[in-house]
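Take a look at this one chain, the form predicted alone, written out in structure tokens.
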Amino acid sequence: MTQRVVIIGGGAAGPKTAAKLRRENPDMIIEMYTDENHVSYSACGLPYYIENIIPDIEELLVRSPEEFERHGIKVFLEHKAIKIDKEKQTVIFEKHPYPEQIEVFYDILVIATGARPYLPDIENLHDFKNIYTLRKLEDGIAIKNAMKKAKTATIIGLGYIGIELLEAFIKNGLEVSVINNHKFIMPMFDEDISKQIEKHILEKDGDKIKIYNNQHAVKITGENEIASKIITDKGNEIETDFIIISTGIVPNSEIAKEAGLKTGVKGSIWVNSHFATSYPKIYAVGDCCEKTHIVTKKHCWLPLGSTANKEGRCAAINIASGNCDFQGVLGAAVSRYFDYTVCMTGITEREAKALGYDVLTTTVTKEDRAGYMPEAATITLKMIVDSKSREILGIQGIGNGDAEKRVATVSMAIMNGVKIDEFMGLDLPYAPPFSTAIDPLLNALQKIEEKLKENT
């Protein structure tokens, strides 16, 4: 009997599940439902569309509904899932124009509902038209249009998306205020690294950027539905033409929770290593579900587009009766401010100490290739290890040079359990345009070894 697979969500994980499942099983009925009017697009490219590196937003569309249809995958746009009845094996959707409802039967259900922006508690936050979040294509279009008419902007929160929007606004001639409720920007990094990132940004563009650290936006004021001022808890009043809320995201897991499925970290949907949920015949993938951290072996919630695609692929293999055992995540991530890279993988020193590791760190600042090469640039690498087990726990890399390839190398090492002693023998490629004779990564490990000897 032909099985019907129903997928809720059309961002990254849902379409990947559908496409891979079709390749694995040409006979299954595959249906994908999304509450948006687009499917399968790169949300990660939106800051670069706003910046105008990508002039046409259509370039962010990975695959159209018609392309899916040609491969026998039915796509239903503007269908909002409102209830799962796991006993009847049905999903109720509100179909546009709302509130028309339809009930859809499934043999296997895949929840790929993603995440949504977290909205902090700010007085009058919902009263103005020129306050934006960035998650969907329509958000990118709205922000770009606002930017074209503005002279000033305010970003509340500065993580990966925030720093990419900061670049976009500065490149387009705006003056930007940043309200950050942490001591330094980019709080996913250790404080010493965050401080260097902030220092670089202000040295480059401090005449156009004002950063308000350790402050919360508490009130927004304006007239005629147009916000014009933000007031912080420290009494600063910031004039602005528009506002970006970039304070993180939360999983869209409510429909699963209401159906009685088990949830975990930050309310995300619990899944096993095959992406099966706590109830038979229901899977969950992408930003709506929790992960296992490869370093800590603990459940975590690390929503990243690259992870969502890998999860969709793995779930599809398992649905098609294959065997894909997902190892977990490291939170490997990279972003930039103009030519300045910020990247990391694994856990930070702060996290490692909180988890009880015997933490040892070292920080190396060095040119990324032979100093006599004209394109040589400085990078800083911070390595975090456990001195008892000699395991690498994480690394953070920043600078104008190739920090990200060093971080990628460490990701592979951590995933394969490579310890410090083994890593020192790693045969890294060398030529003056690409590295120094002893790579900065090995320099960091040499320093770690010296510290270990001192402690014994």
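Quick note: we count residues from 1 along the sequence shown, nothing fancier. Predicted model, so just to flag it, every value in this text is computed and none were measured.
The same protein has a further form, the form predicted in complex with a further copy of the same chain, not shown here; the description that follows concerns it.
Using a 4.5 angstroms limit between non-hydrogen atoms, R336 touches a further copy of the same chain in the model of the complex.
For L165, no non-hydrogen atom is located within 4.5 Å of a further copy of the same chain in the model of the complex, even though that partner is not displayed. Taking non-hydrogen atoms only, I29 never approaches a further copy of the same chain to within 4.5 angstroms in the model of the complex. Using a 4.5 angstroms threshold between heavy atoms, G235 stays clear of a further copy of the same chain in the model of the complex. For the three residues A81, P120 and A227, a heavy atom within 4.5 Å of a further copy of the same chain turns up in the model of the complex in no case. Look at 87 to 95, 368 to 376, 349 to 357, 109 to 117: in the model of the complex, residues with non-hydrogen atoms within 4.5 angstroms of a further copy of the same chain sit in 368 to 376. Distance criterion of 4.5 Å from any heavy atom to a further copy of the same chain in the model of the complex singles out V407 from the list L393, V407, V39, I398.
With the partner removed from view, the residue among L381, L158, I220, A332 that has a non-hydrogen atom within 4.5 Å of a further copy of the same chain in the model of the complex turns out to be A332. Taking a further copy of the same chain as positioned in the model of the complex, the residues of 392 to 420 that bring a heavy atom within 4.5 Å of it are, in sequence order, D402, E404, K405, V407, A408, T409, S411, M412, A413, M415, N416, V418.
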